[in-house]
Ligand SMILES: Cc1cc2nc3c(=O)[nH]c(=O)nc-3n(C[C@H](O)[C@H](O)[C@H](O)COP(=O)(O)O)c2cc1C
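Just the one chain here, the form predicted on its own, laid out as C-alpha cells.
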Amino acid sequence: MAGNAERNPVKLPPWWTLDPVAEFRIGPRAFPGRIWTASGCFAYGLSGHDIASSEFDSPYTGLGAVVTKTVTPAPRSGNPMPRLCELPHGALNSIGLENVGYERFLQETLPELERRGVPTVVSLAATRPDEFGEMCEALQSTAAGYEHWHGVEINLSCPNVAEGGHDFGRNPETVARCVAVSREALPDRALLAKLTPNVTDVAELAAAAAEAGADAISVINTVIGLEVDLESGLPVLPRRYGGYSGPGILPIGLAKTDEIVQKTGLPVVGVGGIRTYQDALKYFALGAVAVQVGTAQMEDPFAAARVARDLTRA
C-alpha cells in the first residue's frame, strides 16, 4: 500500500479548505465528519469491527456517519436470487430491502451501534406516508438519549401502496407528507430525504422536502437498469429491472446534486459513483456538504476511510 501511495501521491486542489473529519452541522445535529457510508453498502454498521488493515485502525476511521441498511415496518426476506449482477462500471441490484424490521432493529441493532460508538443515520422505507411517522416516533422514544444516533434518512424511492405503487419520490406532495410526519417525530435529529434520479425535475422534489422540514437532501439513489444473459436471452435479475450503482452513475449524481444546489441552495449529501477522493471532491466542488461512499464500500470496507484520509490535509 505504501508503494502505491508513493506512486500516486494525493494532490489536493488549492480551493479545497474543508476538514472532512471535523465536526459540522446538519439541522439540529453536529456530525463528526463529512465522509459517510451509503445505505445498504456497510450492512447495519456493525460488520466492520473485526476487520484488520495495515492502513487503518478500523473501517470507521474518519467516518462522519454510517447510514444503515434500510429498515421497514415489518421484516422483509428480499427478492429471489440472484439479486446482484456485477457490471464493468458498477453493479445492478434487486435486493428487495431485505431487513430485520424496525422492532428488532430498535431492540437489538441500534443499541449495539450506540454501545460501539458508531455515528449513525438510520435509513427508513415504508409503503405509506404515515408509516414513516410511526417508525420515527418509535425511534425517538427508544433512542432519545443516544449520543451517536444523529438522524434519519427516509428512502423516498420505494413503492407507494396508497398511490398505485409509484415511487414516493416522483410526487412532490407525497414527498412532503412523508417528510412532514417524520419531522414532527424528530425534534432534535437530522432529517434527510433520499431522492430518486429517475425523475425529470429533482429540484422540485427537493424543494418540497425542504419546505416540509427536511434538513438536507441525499441524492442520488440508484438508477433503473437491466442486464441480459445472452446465453438464455433473458434478463439476469428475476424481477427484470434493478438499481444500477457504482462509478458509471457518477456523472448523474453530480448533475442532480448541481441541479438541487443551483436551483434551491439546499444542503446536499452527494451519493453515487464515489470510489476515490477525486470523486468526492467533484461533489464538494458543486456544493455538497457531505458525501456517501456506496458500491466501493461493498468492494472494499476501507473505501470510505481511505477517501476521508486522502481529503485530510497534513
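Start at 1 and count along the sequence shown; that's the residue number. Keep in mind that this is a model prediction, so the values were computed, not measured.
Not pictured, yet referred to below: the form predicted in complex with the named molecule.
TODO: Find the only residue in I95, A74, L226, A138 having a heavy atom within 4.5 Å of the named molecule in the predicted bound form.
DONE: Looking at I95, A74, L226, A138 one by one, just I95 meets the 4.5 Å heavy-atom criterion.
- [ ] Scan I260, A38, I35, V269 and let me know which has any heavy atom within 4.5 Å of the named molecule in the predicted bound form.
- [x] Spelling it out, the residue with a heavy atom inside the cut-off is A38.
TODO: With heavy atoms only and a cut-off of 4.5 Å, decide whether G64 touches the named molecule in the predicted bound form.
DONE: So G64 does not count as contacting the named molecule.
Task: Residue contact check: T120 to the named molecule in the predicted bound form, 4.5 Å heavy atom - done: Close contact is absent here: in the predicted bound form, T120 is far from the named molecule, nothing within 4.5 Å, heavy atoms only.
- [ ] Give a yes/no on whether G273 approaches the named molecule to within 4.5 Å in the predicted bound form, heavy atoms considered.
- [x] Taking the distances in the predicted bound form, the answer for G273 is yes, it comes within 4.5 Å of the named molecule.
- [ ] Please check if I220 has a heavy atom lying within 4.5 Å of any heavy atom of the named molecule in the predicted bound form.
- [x] Yes, I220 sits close enough to the named molecule in the predicted bound form that at least one of its heavy atoms falls within 4.5 Å.
TODO: Look at the stretches 261-269, 64-72, 49-57, 22-30 and give the one with heavy atoms within 4.5 Å of the named molecule in the predicted bound form.
DONE: Going through the listed ranges, the match is 64-72.
- [ ] Any residue of 175-195 with a heavy atom within 4.5 Å of the named molecule in the predicted bound form counts; write them all down in order.
- [x] The stretch 175-195, when checked against the named molecule in the predicted bound form, contributes only K194 at the 4.5 Å heavy-atom cut-off.
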